[in-house]
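Before any questions on binding or motion, here is one chain by itself as structure tokens, the form predicted alone.
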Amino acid sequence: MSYAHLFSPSAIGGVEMRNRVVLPSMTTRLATPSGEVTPELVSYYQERARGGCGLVIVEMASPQRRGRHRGRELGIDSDEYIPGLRSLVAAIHEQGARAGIQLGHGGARALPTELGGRPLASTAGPVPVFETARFVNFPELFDEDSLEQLVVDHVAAARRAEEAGFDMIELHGAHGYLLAQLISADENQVLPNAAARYDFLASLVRRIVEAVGIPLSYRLSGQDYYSAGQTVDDSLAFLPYLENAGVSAVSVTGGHYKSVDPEIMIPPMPYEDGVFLDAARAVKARTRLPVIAVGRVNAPAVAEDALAQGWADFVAVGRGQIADPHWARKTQQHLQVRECLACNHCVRTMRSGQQLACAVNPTVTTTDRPATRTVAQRRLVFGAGPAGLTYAVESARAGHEVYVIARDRTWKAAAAPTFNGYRPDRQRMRRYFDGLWREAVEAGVHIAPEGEREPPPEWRTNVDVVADARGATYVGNLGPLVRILIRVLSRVPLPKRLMKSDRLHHILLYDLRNPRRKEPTRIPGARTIKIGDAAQPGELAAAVRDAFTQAWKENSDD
């Protein structure tokens, strides 16, 4: 498929981009506890720039300390952050991408432990907040003076962004954060009507635009998905205010912390690709501004089609570039891209207080591999699920010769009734698994003919490592019964509450499974190791991470 639109140059507010692929703002927790830039944070963003995207929008940073929404949130509320931000911008520019930063204020959803006091907001609450633990906020309401200070602090943060060298700024006006609260009839007790709300936000935008010489984008909610929230019509009514205030682009997202299903903000497996494209198309039809589409557009064909149809001018590929930092380059060169499963392992680890992680990419911050002095080995792998294939691919990249034996070429988890608490997107899971096979072929891994269970003669001697990646076994003699149960459950639509049940999750992944005890074929002189579920039953992320770690060990049994 040709991606003529996706990889054609374009511009926002006079800032030229090499293509129309955007890395959107996503929290990483790679900053220091006080919000300083770290080498890991620089590496994370530089890697996506090196991977070929046109615009990198750095994660949300609050213009006010009282607006911090998460621990380890990037700082921009003081001049002391400028040197670190400048180094981050330089690293992004060095790889040929443009750099933006998102300014976002938590408002009523700011994190109490980060504030040292009550949040400042347009609603008195109570407002539930979840961030490693559950809180209920009862914010202090804005008055005229604090609203003015809010604008002043946004302007100051924008100036810092410009001084640090960013090419553009994005304001976060969606998902229930402060600017979304200020535009909302449901969460605004300080501005009396829609006209007053729109006028205030337009004034804030205008004063930022007048204060800096770089473009400003506005992240807008197409729809909040709850009865009292913003609708597409509300967002369209607000558009002329943004245009007149001098905004250079609009990013159209959706969802809210109060949505019927709040997970729609970062739409997981059950949602279709391009879930917010209808809203983007409606906005594009009513504005002269460039529109950035977001929300499950990481399938290259979906992204290209959105641009070709004229529904958007740019596409924001977020989780797709977590799963594969070189999504853009590989797509343009028609190489195999590591598929994002939309399983939201990244979201859950981040919201639990950990640094950003990915179920299918064990090295989120960089694609660079450990520097090793390992003597080339011959490695024989039994089993070709995600763990076995990951071990094979990484071993080949480390310079080892690898032979894989698989009973079949199916991933059993793709037939399970639930995956990570969701109804499985079986088509996407198969694409990921098929892609791993293609990566193995591209890496030069030797693959046994389908159905072969024993190594050929030349792989029965002079083997250094035998890796058992055949997965877990079932408890006792329950294997046939459990397989029947899984087949039955996978054909029945399970209630969402049951799919998200921690108890069901634990039973299927842990209680019913044991590490594999019986070793595969013994090879004289070879060391045998167990990988992934064969060593310890668990989730995909743990198995893939274990496979990566073992592949790059200097001695695989260390």
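Numbers follow the displayed sequence, beginning with 1. Quick caveat: nothing in here was measured; it's all calculated off a predicted structure.
One more form of this protein should be noted, the form predicted together with a small molecule, which is absent from this view; the next part is about it.
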- Message: Quick check on Val347: any heavy atom within 4.5 Å of the small molecule in the predicted bound form?
- Response: yes
- Given that the partner is absent here, does His256 sit within 4.5 Å of the small molecule in the predicted bound form, heavy atoms only? no
- Message: Gly318 versus the small molecule, in the predicted bound form: is there a non-hydrogen atom within 4.5 Å?
- Response: yes
- Message: I'd like to know whether Pro24 contacts the small molecule in the predicted bound form, with contact meaning heavy atoms within 4.5 angstroms.
- Response: yes
- 151 to 159, 464 to 472, 84 to 92, 260 to 268: which one contacts the small molecule in the predicted bound form at 4.5 Å, heavy atom to heavy atom? 260 to 268
- Query: Among Arg281, His172, His326, Arg197, which has at least one heavy atom within 4.5 Å of the small molecule in the predicted bound form?
  - Reply: His172
- Query: Tell me, which of Ala312, Leu220, Val294, Ala121 has a heavy atom within 4.5 angstroms of the small molecule in the predicted bound form?
  - Reply: Val294
- Message: Counting heavy atoms only and using a 4.5 Å cut-off, do Arg378, Ala384 and Ala526 all touch the small molecule in the predicted bound form?
- Response: no
